[in-house]
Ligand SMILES: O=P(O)(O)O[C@H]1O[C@H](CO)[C@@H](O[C@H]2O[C@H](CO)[C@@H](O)[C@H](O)[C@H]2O)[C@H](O)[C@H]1O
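Here's a solo chain for you in structure tokens, the form predicted alone.
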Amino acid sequence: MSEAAIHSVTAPVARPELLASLDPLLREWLPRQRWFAGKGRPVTGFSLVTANELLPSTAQLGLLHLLVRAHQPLTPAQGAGTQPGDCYQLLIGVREALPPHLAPALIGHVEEGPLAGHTVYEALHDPRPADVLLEALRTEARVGELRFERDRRQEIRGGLIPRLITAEQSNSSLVFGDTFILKLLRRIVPGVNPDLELPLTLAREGCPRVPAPTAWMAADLGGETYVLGVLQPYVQGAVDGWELALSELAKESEPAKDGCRGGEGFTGEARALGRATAEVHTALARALPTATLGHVQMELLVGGMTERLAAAAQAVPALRPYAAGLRTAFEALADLATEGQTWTAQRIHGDLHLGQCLRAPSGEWSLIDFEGEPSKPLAERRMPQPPLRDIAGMLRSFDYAAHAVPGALGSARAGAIPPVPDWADTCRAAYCAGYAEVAGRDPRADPVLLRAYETDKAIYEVLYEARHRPDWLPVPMAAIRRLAASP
């Protein structure tokens, strides 16, 4: 496909009638998507932020790129009424009839408006629309408010076969010919997105632990930039840390043969992962500004942790008996700050766990997905923070893996007794030791801050599991009991 085939939206598609005709279909389809953030509240309407046509819908196949804002009722804490809510990126395919192999992608049949008589569907399931996105990035196309850019030092070949990654994600990802992976952000906010900012920074620093962005897409609206997607090299044959950890746990649960237990290899992987984490932290601290957190800053940090504990204890009764013990973790941190201790803050990953790490067949580890916690404001995600926040997240991830049934990679059930009771402790120690080999300081040398961050993370996990996966609640509750009893 040539660049000329990618052009600005035509007037008939841009009319308000377009959104009005899609509205009833989107109200039913959007809340069912894994990446929809407003679950539990009905969608009362939509407002169109922008609409562009990447393939003319007058042809046999059309492709619309929409940014729409979903309107939902306010939560009880926000008051009464409704307000324009989150902005979502939609890629909608348009056909007269949907082929059988695209049936799972169906959004619905349009009854009126400029697309009347057509079928609309999630376009990322369709190789042709997916190929349009790669071509737009390769040719650095401009489509209305959309801007496609690339690093010209990296080659982007055409004709790569796309496939959609169907695993549950908070965004959507396309793999092109085992050469590139395109992460499309679904919930869109204005500003500098760390998922592009930090990998670009690490590439300039020559840090090999993060795949360097090859290309990216953005929208310029109202004087602000919205990052929409990032194309990076695909690490062929890589396995994420969560799957690898469960695989090793499955081996370790095998009966001992000749007095030897099978598969004790993840300790070395944990140490290597600690080194990789430290390399990323060191590069970020070298490239971007750092800050010193004193009494005032730590008072705000501790206040936020304490408030989250109170809210979680109110929502989850099982947490209440441990609240007083958990609060001591935050009080101890506040005491150190009052005594004059300070901490260094820097840019970090922000949501680090085993699933955000890839091990290549060569044995090298990479860190991915620098978006941070999507539910938090972008400005908060870009704030310098102590590196121990990342480390605490990884330590909690080892604990989660240890409680998953070994061998059930896709459907692990929580709460089972770990086959190797000290597996998590061994991996946690190896990870911290590996980190110290590069950073020059063991994270365990700051036990008060580390305990506070682990406690805060475990409280978040309890609230999440109670709301979404009650069967997994025993996992963070085991950590809650341990952390509440810690000195």
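In this text, residue numbers run from 1 along the sequence as written. Since we're looking at a predicted model, the values are computed, not measured.
FYI, the form predicted together with the named molecule isn't displayed, but the following is about it.
Chemist: Overlaying the pocket C-alphas and bringing the named molecule over as found in the predicted bound form, would you call this site open, or blocked by 3+ ligand atoms sitting within 2.4 Å of backbone or C-beta?
Modeler: Here the answer is open - the superposed ligand has no atom within 2.4 Å of any backbone or C-beta atom.
Chemist: Report yes if all three of 242, 397 and 400 come within 4.5 Å of the named molecule in the predicted bound form by some heavy atom, otherwise no.
Modeler: Every residue of the candidate spot has a heavy atom within 4.5 Å of the named molecule in the predicted bound form.
Chemist: Using a 4.5 Å heavy atom cut-off, state whether residue 252 contacts the named molecule in the predicted bound form.
Modeler: Taking the distances in the predicted bound form, the answer for residue 252 is no, it never comes within 4.5 Å of the named molecule.
Chemist: Flag residue 170 as yes or no: does it have a non-hydrogen atom within 4.5 angstroms of any non-hydrogen atom of the named molecule in the predicted bound form?
Modeler: Heavy-atom contact with the named molecule at 4.5 Å: present for residue 170.
Chemist: Given that the partner is absent here, does residue 460 sit within 4.5 Å of the named molecule in the predicted bound form, heavy atoms only?
Modeler: Yes, contact at 4.5 Å.
Chemist: Hey, in the predicted bound form, does residue 356 get a heavy atom within 4.5 angstroms of the named molecule?
Modeler: Yes, contact at 4.5 Å.
Chemist: Which among 148 to 156, 303 to 311, 276 to 284, 389 to 397 is in contact with the named molecule in the predicted bound form, heavy atoms within 4.5 angstroms?
Modeler: Single hit among the candidates: 389 to 397.
Chemist: Using heavy atoms only and a 4.5 Å cut-off, determine which of 269, 248, 351, 126 is in contact with the named molecule in the predicted bound form.
Modeler: After the contact test, the surviving option is 351.
Chemist: Where, within 309 to 345, is there a heavy atom within 4.5 Å of the named molecule in the predicted bound form? Residue list please.
Modeler: Nothing in this stretch is in contact.
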